[in-house]
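Below, in structure tokens: the form predicted alone, a single chain.
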Amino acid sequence: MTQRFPNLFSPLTIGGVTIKNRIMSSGHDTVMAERGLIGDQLLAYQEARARGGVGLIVTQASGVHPTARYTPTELTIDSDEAIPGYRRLADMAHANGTAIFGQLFHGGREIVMTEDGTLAVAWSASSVPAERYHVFPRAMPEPLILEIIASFGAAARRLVDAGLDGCEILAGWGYLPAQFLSSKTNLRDDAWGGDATRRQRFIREVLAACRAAVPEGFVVGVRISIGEAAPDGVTEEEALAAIAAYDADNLFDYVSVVKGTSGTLSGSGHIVPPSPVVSGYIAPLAARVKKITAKPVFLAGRINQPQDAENILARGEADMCIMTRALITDPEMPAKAAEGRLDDIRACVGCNQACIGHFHAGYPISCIQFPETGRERLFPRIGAAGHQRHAAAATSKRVLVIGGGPAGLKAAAIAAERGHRVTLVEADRRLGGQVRLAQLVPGREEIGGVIGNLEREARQAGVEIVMGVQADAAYVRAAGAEVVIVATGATPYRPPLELMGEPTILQAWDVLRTPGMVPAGGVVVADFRSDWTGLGLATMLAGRGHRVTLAVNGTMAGQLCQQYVRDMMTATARRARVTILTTMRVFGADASAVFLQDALTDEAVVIEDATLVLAYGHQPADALLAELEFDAADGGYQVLAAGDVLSPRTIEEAVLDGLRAAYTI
């Protein structure tokens, strides 16, 4: 029960608001706004977290002014048209006992995309270009500065009118307020720049405008990077000095501590730090903030388990733990933790694929383990917090699932949860499929947690799991199932190669299982997918003393990975002295060399003294599926398929396929 987490489940009073626990979902873009407004899908998304027991929700960044548009899907609060949607959100949160604040935003020069694809006019403190998006902004004239400050106050007032409990100024991550605060991006010599006091003025005036616009007890908070880890970013000392100055004038009720900036590749990785970044890694920065203010301090930084949050709170490093991705993966995490059901919590593995990865691609966010996130209206769940389930099917059927990878496990778990009698058959002695290989890649060890989570859900739902049995058509007929879900996965693909002599050619799967099988000397990892497999494999082999060339069939290594994952893995590979060649296709090999071809010029590239390792993707293992589809009419059973047997893709699609297959029964 909550005695195990006495700090995590203690209330926190800020201003006139008492928050029931110390678990928070921070402002994060869901790509669910409808014409910039809150609609049914965004409401359903946040309701899942409120029903799951979260103490505080801070809404996603909301643009306060027309010049604040950083994507065409941005939530806005620059007109009264936003109030009804926010009112619905506030009523929903309060009905579930959850406090709710609105996050107020202006990105300045940080503009990702526009509605029609043209480049926007960007504004900043000074005309200093942004490295990550290559934006050249204009310096704001004073009338526009004053207009934007007033727009923050007007937006705060709209939140009051909508019934929210507070507002949060997003002043970190290199956005407009931070652009005024940094000595490297604010080169002004007027009243808004020059010395530290004048550089602090913009945020000071924004906080003051919000204070003036809201009644007593309405919370005003500030989110700020304690160091942006960028050449032109706010330094730790600049941020701490600003907090002390604002605190002296009682301009905020809490500080939300983050690190990094949107402005650079390396700095942006701190916005949503992926695995293998350790939990709570910036807690020492929050502890520094607590030494200069008595106001509550909130902390982000990959806090994905209640045990980690409890330890941070117990050490006095923070007063509130931001657990956003943990709540994307498992909206019921707070309720489960309160009941002491820690093994039932579906832990985030830090892959970044379907959460921030979807946002960067312009799609509504989700989770590879829990595709119900972002699809709450398609796959609604019923029941008490911590014990929610999918609604029962109209008729209970006998279901046989063949394959114990992520697709099969998800299909089995959901089918059983909906009342079907489910048996899952796996040919191997262990569940997991390709995920068992993925967890062997350096930096991807946590991905194995996906299988642990899915297996537990399947067993709890009552799935009978049979391992070490190779199912065939005869086995299916004998099982007497009414529905068969085939999730037999894929096998490594080997492209046509021109070979001379007897060169050593290895598959990525085999090398991951037995790295020592690679002969000493040079290695060429031929990476067709341009995903994490080739990058991770190349780094692993370089760490074992090989001279490694990663030949990528794309414009960059890790091209299909989410940016923060790609950047971290690429940096690790470079530090390991991996040579990366782009736009390469493998052509052939002989006993002493690997032959590549430039996909743009068709020119030959020869790597001498190298063993060829193929990371060339997969092909469906669909022989049984084809046989069963042919046999189904006479056998009297329905055949469905899920995962790589349909088409080799990623864990995300496999789990979603499993969910959809279970819903068709």
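Just so we're clear, the structure is a prediction, and the values are computed from it rather than from any experiment. In case it trips you up, residue 1 is the first one in the sequence shown, and so on.
The form predicted in complex with a small molecule exists for this protein as well; it is not shown, and the discussion that follows is about that form.
Residue-level contacts in the model of the complex: of Q46, Q60, T67, T611, one residue has a heavy atom within 4.5 Å of the small molecule, and it is Q60. For the residues R223, H420, R566, R444, the 4.5 Å heavy atom test against the small molecule in the model of the complex is passed only by R223. From the list 399-407, 269-277, 569-577, 464-472, the contact stretch for the small molecule in the model of the complex under a 4.5 Å heavy atom rule is 269-277. At least one heavy atom of T324 is located within 4.5 Å of the small molecule in the model of the complex. Although the partner is absent from this view, F359 contacts the small molecule in the model of the complex, with a non-hydrogen atom inside 4.5 angstroms. Mapping the unseen interface onto this chain, Q103 counts among the residues with a heavy atom inside 4.5 Å of the small molecule in the model of the complex. Though the partner is left out of this view, W173 does reach within 4.5 Å of the small molecule in the model of the complex, counting heavy atoms only.
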